[in-house]
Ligand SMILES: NC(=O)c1ccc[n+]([C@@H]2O[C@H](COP(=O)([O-])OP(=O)(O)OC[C@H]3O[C@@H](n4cnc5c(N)ncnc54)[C@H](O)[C@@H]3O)[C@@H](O)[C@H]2O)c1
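Here you get one chain, nothing else, as structure tokens; it is the form predicted on its own.
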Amino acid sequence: MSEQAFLKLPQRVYLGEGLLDNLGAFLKTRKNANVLLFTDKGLQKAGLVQPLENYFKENEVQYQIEAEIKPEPSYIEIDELFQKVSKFNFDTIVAIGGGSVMDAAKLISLLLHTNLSVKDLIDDPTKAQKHCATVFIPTTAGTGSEATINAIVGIPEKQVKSGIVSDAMLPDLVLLDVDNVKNLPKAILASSAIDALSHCVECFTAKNATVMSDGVALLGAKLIFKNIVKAYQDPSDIKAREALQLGAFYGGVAITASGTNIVHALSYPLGGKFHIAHGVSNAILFKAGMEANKPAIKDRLAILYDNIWPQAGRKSTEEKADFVIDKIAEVVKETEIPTDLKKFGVKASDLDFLVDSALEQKRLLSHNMKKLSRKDIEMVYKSVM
């Protein structure tokens, strides 16, 4: 019998421009929906939230807006935010934003009408149940949060970040509207797309990858590799930006089936203690992580090569693996993302903390094809210091 495989998907996903009517059709099925419009101050100032507010007003949709979410929040901050919004009367969350906004919205949908806290869900994710409908409208082409069953939170007392995982976090509706990434600043576009690329490559090379996760991870990797530099260098290339949106979504779907591993496990301590943006820390670690894993994943990297760069000619498996790793480094360089930790104040004296904290990311490391020793992890961090 063939090995079982699965994908977990949002109920409805739309890709294109001008998708608010799809949101309207969904809300009509909710009958007199009361909406919590969940976003952040930066997006309000950028004007990305106003079309939603205009649509709600024109169509007499009852809504209240909450825009106090902080970037990469801790579980304490999300609990505090929930205490505030739980006073509102809503049965649907429409979240427009990046990964922090969508992850916080997921958690609030689980806390509503319960006595649970985010800490309770960290300790026991099986308690999670969804208590309102969720609609996600991503404004970056990166986190894939609109497709994942994960929510990432900071744990300040440990100076790390951690993921809460539950099928209950899958949204009811996703709108991949290219209008929301047309004016995305280059630096954010680059770091978020590298995050998405790491999702695809890590999932494709994961221990528990399946024929189904492979399909979406490979599609996502190809879209991002082929379009990230074009989108970065030419902000008017809307097709390239749309391709990154779709690639990021595929990366999120792949996470639900196979999961990330070495890059994300080593990235979380950098975000938790040094507050390095998640996409940036992933970019710094990406090449080094793949090189550390190469003895165990070179066959998988060779498959990526064959599918994405067939015109590059015949090579040995080793050469194909090196080609893919060099392409990763090339993309990071051409999108001008930092390639080491010096500018973020990370010192050699921090190495023990980083290694100890990475080793605690057991869920992610369990997905890694190569069993990583303390020395392996130490060498990855040293190589980017």
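None of the values given here were measured: they were computed from a predicted structure. All residue numbers refer to positions in the sequence shown, first residue = 1.
What comes next is about the form predicted in complex with the ligand, which does not appear here.
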| item | value |
| --- | --- |
| Proximity to the ligand in the model of the complex, single hit among 99, 247, 171, 259 (heavy atom within 4.5 Å) | 99 |
| Proximity to the ligand in the model of the complex, single hit among 134, 205, 192, 293 (heavy atom within 4.5 Å) | 192 |
| Interface segment, criterion being heavy atoms within 4.5 Å of the ligand in the model of the complex, picked from 313 to 321, 56 to 64, 345 to 353, 38 to 46 | 38 to 46 |
| Touches the ligand in the model of the complex: residue 151 (any heavy atom, 4.5 Å) | yes |
| 4.5 Å heavy atom contact, residue 188 to the ligand in the model of the complex | yes |
| Residue 139 within 4.5 Å of the ligand in the model of the complex, heavy atoms | yes |
| Contact of residue 109 with the ligand in the model of the complex (heavy atom, 4.5 Å) | no |
| Members of 53 to 89 lying within 4.5 angstroms of the ligand, judged by heavy atom, in the model of the complex | 71, 72 |
